[in-house]
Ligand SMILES: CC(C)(COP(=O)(O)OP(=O)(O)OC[C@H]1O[C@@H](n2cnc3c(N)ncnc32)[C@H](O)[C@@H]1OP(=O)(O)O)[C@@H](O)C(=O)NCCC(=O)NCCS
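One chain follows as structure tokens, the form predicted alone.
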């Protein structure tokens, strides 16, 4: 059983691997978590099924309070790529995202991971702070570069995706 975290006033969070049955609730959480890109429900079902060992949910009072989708990079087996981080609006400010990241890196199956990569839009201050804080906690270097420039996204107004590479660190 995962270790609960929280206090009586704000309730306890359980950090665990997602289940396929969480897919609809994860999809709904992402839908309410703008500016995150909403993917199909099917993609969240696959993440909860095929990538459950590298994804995590935060549960409070039996409901999904947060979700991180991640996977081991196919050509860099020492790198965990974090795709999306979502925390419900009412849960924000409680350290849930940071605790989900820390819990992911405590998993024995990720012991060979020594880098974290993710992308952050330039205007997403919350995500930038989350990953800067993670790098600081792990006393690991953080290097940024443009991974996907704005032009690749066409005329939709999508910002560039800035690569954050954190590490090496001891997982």
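Owing to the predicted nature of the structure, the values given are computational and were not obtained by experimental measurement. Numbering follows the first chain given and starts at 1.
A second form of this protein, the form predicted in complex with the ligand, is not displayed here; the remarks below concern that form.
- Per the 4.5 Å heavy atom criterion, the ligand in the predicted bound form is contacted by stretch 30 to 38, the sole one of 51 to 59, 105 to 113, 30 to 38, 140 to 148.
- Proximity of residue 85 to the ligand in the predicted bound form: non-hydrogen atoms within 4.5 Å are present.
- In the predicted bound form, at least one heavy atom of residue 126 sits within 4.5 Å of the ligand.
- Put simply, residue 93 is close to the ligand in the predicted bound form: some heavy atom of it is within 4.5 Å.
- Although the partner is absent here, residue 43 is not a contact residue: none of its heavy atoms lies within 4.5 angstroms of the ligand in the predicted bound form.
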